[in-house]
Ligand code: AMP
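Below, in structure tokens: the form predicted alone, a single chain.
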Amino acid sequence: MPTPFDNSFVNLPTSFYMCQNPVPVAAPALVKFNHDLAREIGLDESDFPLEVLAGNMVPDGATPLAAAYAGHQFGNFVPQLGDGRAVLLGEVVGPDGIRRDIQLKGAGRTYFSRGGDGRAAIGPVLREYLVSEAMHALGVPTTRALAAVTTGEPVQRETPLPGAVLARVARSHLRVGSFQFHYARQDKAALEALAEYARARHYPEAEGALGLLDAVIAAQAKLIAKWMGLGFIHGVMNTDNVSIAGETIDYGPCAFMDTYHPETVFSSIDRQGRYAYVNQPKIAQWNLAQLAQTLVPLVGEVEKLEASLSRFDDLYATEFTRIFSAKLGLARVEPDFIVKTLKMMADEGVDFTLFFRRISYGLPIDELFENPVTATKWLIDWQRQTTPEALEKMKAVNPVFIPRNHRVEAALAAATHGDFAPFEQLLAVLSRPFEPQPENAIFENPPNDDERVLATFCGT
């Protein structure tokens, strides 16, 4: 049965993409297929045989293409980036009425590869599978993993590594950089077409380009606040990695904090700390300002765009305060107490996830602190500001399990050597992040000193 593709992006002007079939691989083998996601989008494994997932066969109805976009990378503008190792097969409309892209990542060289091989190694593919599915289970808007396959071919990085392809599902792959591509070329007609397409696809209730900007700002404010509430650090918040749909996209050197500190950076290429945990909100606003700039030719009145951008701070602060009030089980909103608590956690070197997990379940927190007296004083202060009802709700917002960096790295290292059992086990644990799993309690633990992950790396 042919996959029921219902493609719309291909109807945009040809300046938006280059037609591109995936490049076949030598010996594909299935690592994992996401049956739950397939059912959600109204499909099953028969719609995606191995040859399709590997890029060796183009299914009926597909319109394979590589999308064009530009982007600011660590603040430096690159006028042409584009899908250098990804091919959009097409779109499907699920039983829920939502249109979603199906993309193969690591599908070979494209027009936009800029000298790269267009391939992906097994480690980055499984990292994105693990972390994106964990984010979904944690309630964070995100692209998702439909399948991972090995290619039977090595990719050359610092050393040869097993190659792989990720089948990714997204509300769309429209980015801030998609708009920047056409703005850099002063193509107003293309900007108008893209803005209308994005508005109709994601925010049909919005009015015009200004309404689109307002909707994207609101979606990004909520998304970044969710990241902050989980101690998640994206690592490469370039404008080409900012989804117009408000999803987390492109899991390269991402990581979750163990010990809380606002200046935490994991990305090996973020040497100046531009994308540190604490900087994520202001970088999000900076990225949105780049989107606003591309809409000047459509809106005309810069003051209106600036007014929209100015709302980000309040939208973000409101959502951040709501999330941390829920995490702390506060009876009423107390921003000062939230700030005080986070400062204490940083000063004491407290594990971010364990702290909230333990107060949710009434477990001791003394051992998390360098000075246990500080913990005792904080508990007395905190207990004055919470209620039994709020405490019960805390369990639904404070996860027991996150993708601990050392666990992720161990699973990827094993997979690189052909052992996928640790990947499967970790994925199963992370699919139920808010449930205590006594049989998997070891996955709650922070790393020992010799297990700490100090740097994470892009998969390119």
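The first residue of the sequence shown is number 1, and the count goes up from there. In this text, all values refer to a predicted model and were calculated from it rather than measured experimentally.
Another form exists, predicted together with ligand AMP; not displayed. Remarks below refer to it.
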Please tell me which of 282, 304, 311, 157 lies within 4.5 Å of ligand AMP in the predicted bound form, judged by heavy atoms. 157
In the predicted bound form, the one of 100, 182, 85, 127 near ligand AMP [non-hydrogen atom within 4.5 angstroms]: 85
Although the partner isn't part of this model, could you tell me whether residue 250 comes within 4.5 Å of ligand AMP in the predicted bound form, counting any heavy atom of the residue? yes
4.5 angstroms heavy atom contact with ligand AMP in the predicted bound form for residue 240: yes
Partner contact for residue 75 in the predicted bound form: ligand AMP, 4.5 angstroms, heavy atom: no
Is there any non-hydrogen atom of residue 351 lying within 4.5 Å of ligand AMP in the predicted bound form? no
Where does ligand AMP sit in the predicted bound form: which of 139 to 147, 90 to 98, 218 to 226, 76 to 84, heavy atoms within 4.5 Å? 76 to 84
For the heavy atom contacts within 4.5 Å of ligand AMP in the predicted bound form, list the residues of 105 to 144 involved, in sequence order. 113, 114, 116, 117, 118, 119
